[in-house]
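In the structure tokens that follow, the same protein chain appears in two forms, which are kept apart as structure 1 and structure 2.
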Structure 1
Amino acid sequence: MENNSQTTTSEEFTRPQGAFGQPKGLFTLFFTEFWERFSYYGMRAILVYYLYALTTAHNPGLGLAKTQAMAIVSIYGALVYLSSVVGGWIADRLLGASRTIMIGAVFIMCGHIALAIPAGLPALFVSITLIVIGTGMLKPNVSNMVGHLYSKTDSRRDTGFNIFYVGINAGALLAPIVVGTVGQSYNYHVGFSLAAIGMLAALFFYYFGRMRTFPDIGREPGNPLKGNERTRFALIFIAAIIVLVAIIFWIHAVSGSAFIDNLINFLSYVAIAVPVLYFIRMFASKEVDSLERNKLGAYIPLFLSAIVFWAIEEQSSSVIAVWGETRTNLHPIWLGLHLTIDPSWYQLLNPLFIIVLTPIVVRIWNKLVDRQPSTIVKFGLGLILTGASYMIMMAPGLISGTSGRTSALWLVLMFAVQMSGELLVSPVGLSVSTKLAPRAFQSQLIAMWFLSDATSQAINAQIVQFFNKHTEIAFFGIVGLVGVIVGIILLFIKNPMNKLMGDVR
């Protein structure tokens, strides 16, 4: 449970104090997340190309198969979000959200530094480990801190999360332009170095901004370990590390040249199993009352639909990245100008449309206030749009075949529709996670929201390997249709879900 001083401080920050009538602390968290996302999405913009690029005299790549590269990118993303459960638990039970964010930021920066070193696969594995740990500690707790700036009944809450979401996407918009251009046109490792510098900026903004705008929020854990619990945790943690290392060595011993593929499969199964076990734990906890269990029951369909949404959205750094490089005209003539496109630039279409569309959505929600559609309706419509965006991607193959190159405008249209759906799912999902969270699992339910992303990318690690020019039309069609169907199902079950959610809309 939160201590009284933290609750009082949180209520104090609900008064309009900053720009747009929002708490000042929102903008400290806005810029922290801006630079953290710049570093992460900068790395992601070039990672798949670095993994399958052949080494040249000026720009060394790892030369992996494209299917393997896409699977690694997916499982990397899964691990990043899977670790958010651990990061939420550390904040709730050990360190408090504020210190957990600081330590996580240091880990992330060191991870990008490791990837900037031209040491091949060993540097990649070190980087994955550090960024996974760091992002798990930082990501859910920054979002949870945003939630603590508002009371649960504050009508500005969803708008605040939308503004925060702009920070995420502004960093993601800048990243491909800077890191992507330098990485692909000059040197991948220099690009990864820029990602490390971005993380240093995030550390700076958070460290100095929190002391001025919310010095007491998140300072202490909400449900701290007591007495023997600390000793038991230490023993379990050490045992888990030993078991994990032993499993990895065993996979290596029995796999030979198939080690990476088998490790991806193992980690995929873990990422799919963890949310199931975690939901069981929360439902069984004595610290969760019957009303909170009802709200958790309503959260499960939202969680499952989020998995479908993220499975489509997260393919932008794997399937869509490869499609952009191999299927679009990278030397178009627009308005009489001969252009050259770095494939990594396509990654900026995602955040670009988020930034363009967010003010429109915020204006609509501000006008509607209490007449807004319910969370379930927003989710359902968002899934339908997201699924439709992938069905649009069937068109280039149906019209002109899948062997040649086509216009990049198909990607522009796809991202425009998909990001319209994202604004109805992602920021709303963050907000509803803070409202449906049991008191004893506040940071951890935010972590569960990110765990839906982890599970989706674990699934992606398996299915992206089926994508190639021969399966392109069927792949986009089947995945898109699943998104549309799930959205329609949500609209049909909105009434029983609203009953379970009680006063949360």
Structure 2
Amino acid sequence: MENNSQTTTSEEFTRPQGAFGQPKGLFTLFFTEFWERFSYYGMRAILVYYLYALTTAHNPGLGLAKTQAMAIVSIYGALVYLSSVVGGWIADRLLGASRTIMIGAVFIMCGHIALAIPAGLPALFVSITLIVIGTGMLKPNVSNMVGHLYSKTDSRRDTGFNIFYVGINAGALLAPIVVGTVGQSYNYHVGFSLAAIGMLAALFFYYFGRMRTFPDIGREPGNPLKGNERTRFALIFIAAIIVLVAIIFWIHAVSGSAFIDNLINFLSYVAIAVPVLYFIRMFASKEVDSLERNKLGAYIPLFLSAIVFWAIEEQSSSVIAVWGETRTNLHPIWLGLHLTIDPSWYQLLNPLFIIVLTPIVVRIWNKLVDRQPSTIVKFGLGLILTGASYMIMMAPGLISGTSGRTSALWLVLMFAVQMSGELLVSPVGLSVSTKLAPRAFQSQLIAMWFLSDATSQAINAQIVQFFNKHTEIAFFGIVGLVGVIVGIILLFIKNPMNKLMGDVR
């Protein structure tokens, strides 16, 4: 994804140009990602409910089993981030980031339109395919472009990424309120069509904003395919599609009614295998020297702990969504007011806490300057908090059993603790991925970071199926404990890890 034209022209964008002294291009990318995430998290806020809801007079659901619905949501999330590897490659070698983003946006929009049509499971499969391809083309390249707005030494870079991260979460915050409310209390398909409209807004902001605010960035591929490579890659691409389609048909032929479950299992293996192959390729590459190999070695424990972190975080739209609908009191009386809660609203707690806590965390880092804890320590603490957030969720079951309903405030507490953890892992992990990358693989690192999320959800597709009200306490306890233990291990190995990482903190 490294792009020559991007690096050479970025200098002119280092002058203060827009709000907060940031390059104007940041706000084009901010609003593009705001609307794209609005559509994605809007769809995610209602997806699991749509999958397992039974059709009522007003609102058609697919009526799948809850376990299968949760597994589909997970594997879908895995594929969305897995495809960023392909999206990054297309930008870098074929189309340039800008065109890739635009085509991706159209794919995503069509994907949401497909779900807006009440056509059951076939529409779902079409939608998932389009959104997986589209998000892979858009998301890593938008994030990458943010980096290209600044020179490597520009001190506004980190703040720029923080502002961008708030944009992501602002979109994710609005989504459950709009798409969630309409989808759940009125009609799922109308909800999905609002997601499509959000994506149209993203396309609009990107199309008109990019010409005005960064006309030269991302126009050409940084490392375009040479003549003979074109034929080779075209053949590899066609062969890969044929093999994939053949495998899917084969799974269909041998599975009968277990087709969806077997497809999920197959895709889980793929999403787990891809990062393994990636690491092997980087370690084996002649272009990686021994110092870089050390850094890569240090990246492995971070990558593995990121998988555990994302596994818990991403269960918000499967396990936590189901828990919210089935186990919380949806008609509480708070401060004398009789309220009715749409369970999809619980999804707004994650982005809300991110937005509230980000300025606090940024202030703390700015105050500490060089006395900031190292990345390993931040990750360690982040994982302990994330694991603890799940262990807290054992409490309602332990206190009053798992068959009744309890207060939604448990979720507020869980998200508050978990998001404090997220801020120690997610932005830090993105930044350290760029710093630990061997030079020959620089351009693929954002994709690498998204792979940790992909793999986590591939694992989730398997484990969420164990969640139900009988296993609730054990489920939260075991998964939470894994998070806490991984966090403690990171704190224990901080010294050798810091040594391996060399100058990277």
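Here, a residue number simply tells you its place in the sequence of structure 1, counted from 1. If you superpose the two forms and keep the largest set of C-alpha atoms that fall within 1.5 Å, you have the rigid core. The model shown is predicted, which means the values in this text are computed figures rather than measured ones.
Only structure 1 matches the form predicted on its own. Comparing the forms between structures 1 and 2, the C-alpha position of residue 464 differs by less than 2 angstroms, with the core used for superposition. Comparing the forms between structures 1 and 2, the C-alpha position of residue 312 differs by less than 2 angstroms, with the core used for superposition. In the core-superposed comparison between structures 1 and 2, the C-alpha atom of residue 107 has shifted by less than 2 angstroms. Taking the core as the reference frame, the CA atom of residue 374 shifts 2.7 angstrom between structures 1 and 2.
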